[in-house]
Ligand SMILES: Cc1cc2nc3c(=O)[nH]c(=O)nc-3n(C[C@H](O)[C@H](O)[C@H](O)COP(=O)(O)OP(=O)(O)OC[C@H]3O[C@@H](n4cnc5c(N)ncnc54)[C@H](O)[C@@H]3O)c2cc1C
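Given as structure tokens, the chain that follows is alone and in the form predicted on its own.
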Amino acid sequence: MPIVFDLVAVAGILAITLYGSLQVWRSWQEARLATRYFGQEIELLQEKIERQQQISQVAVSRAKDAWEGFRKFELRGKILEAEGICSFYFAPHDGKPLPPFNPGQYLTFKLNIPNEDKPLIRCYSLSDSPNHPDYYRVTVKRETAPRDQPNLPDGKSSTYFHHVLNPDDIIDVKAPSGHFYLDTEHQNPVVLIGGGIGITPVLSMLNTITAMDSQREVWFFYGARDGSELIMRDHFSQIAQQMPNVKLNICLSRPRKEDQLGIDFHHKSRVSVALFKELLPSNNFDYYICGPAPLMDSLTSDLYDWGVPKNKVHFEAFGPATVKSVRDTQSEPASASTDKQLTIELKRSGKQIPWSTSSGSILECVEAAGAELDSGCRAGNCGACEVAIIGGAVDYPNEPGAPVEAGNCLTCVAIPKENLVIDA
């Protein structure tokens, strides 16, 4: 009997010990999981605080170092990136620090071109990250006459950059501007798309993500005709190798024999939403697009058809054809019955010009009537076409990049809202 009692007692003690051990182990596991969870939460909070501190520092620096009007810059470097494409490095002539910019913004240049009656105003996107307080970089393609129209002149501004501008030359530059830029405050996944020389603003975005060591999901699409038109391939490949969150996709529509699939490029096709559907896990991204008009037109339209909300599609318009293309994808075509019939009056000359919905912008309408207005980029970015409104009002199919003073308008992207009188 005592033996039985001892066995029961031992079994009870073992059971109590085992139960206690299980409770201790469970408590330890819960504590470990809680520590891991709260540790992750603390890390995320610290990252958020650091990002906010960076954003605040950028805002302070931008306000402190910004400037009004044009500022003198020196060309410090000129690097050939590909056939007919050069990068230009500009430093402030006064040696003072440069304000940071939002990745995707552009610079406005005033070019004193030989044999021209007045300076030419042109805008070029910044092509590097804002993490360089001593220089700004733009990458410019020399625009030549179209192959089917060889008698047309080459582009004035790009020819000036490539063949006239030399290191140590002085040039007038406005502060960075534009509404097309990457949201660096949030870490939502993005698709960056550049067609041809339209790669420059999204290159700035990619370099910014790299400089921040951000882990946000990035799909990078770069489209060109063939390998001779590609810039900085080694740079892109290095980023993709070092940052697994960056998915690099180079698309060539007509590759040369020496362009090797899988080495020089990834897809023998144009950049398209059909390709996105093959590669992307979903359509739940923010899309940043810059390129020629046909690319902009097809991508924006097809993204909307794919169910991507319009506030998720961001694009840069860098010419009048692109502005018109984007505008047409976002508005219903006007019927003859709703076509407005208005008048634009040029106050100084007294000339009255009829305008209708099909006339395009104020600038297009006035030029079609044989009159002249000052202009520059023709995309609402440089501000060269700004005039005072004496009577009436205007609309903007797309928000202009350049700031507009109250009571003025940018004629290259504005349309009359009612009968209009301008100081011209």
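In case it trips you up, residue 1 is the first one in the sequence shown, and so on. What you see is a predicted model; the values in this text were computed from it and never measured.
One more form of this protein exists, namely the form predicted together with the named molecule; it is left out here, but the text below deals with it.
Listed residues N102, T300, T208, T139 were compared with the named molecule in the predicted complex; T139 is the one with a heavy atom within 4.5 Å. Comment: the named molecule is not present in this chain, but in the predicted complex one of Y287, Y124, F276, Y181 has a heavy atom within 4.5 Å of it, namely Y124.
In the predicted complex, the named molecule lies within 4.5 Å of some heavy atom of G155.
Using a 4.5 Å cutoff between non-hydrogen atoms, L80 does not count as a contact of the named molecule in the predicted complex.
The closest non-hydrogen atom of P167 lies beyond 4.5 Å of the named molecule in the predicted complex. At the 4.5 Å threshold, heavy atoms of L120 reach the named molecule in the predicted complex.
Contact with the named molecule in the predicted complex, defined as any heavy atom within 4.5 Å, is confined among 355-363, 25-33, 376-384, 390-398 to 376-384.
Residues are counted as partner-facing when one of their heavy atoms sits within 4.5 Å of the named molecule in the predicted complex; in 182-210 these are I197, T200, in sequence order.
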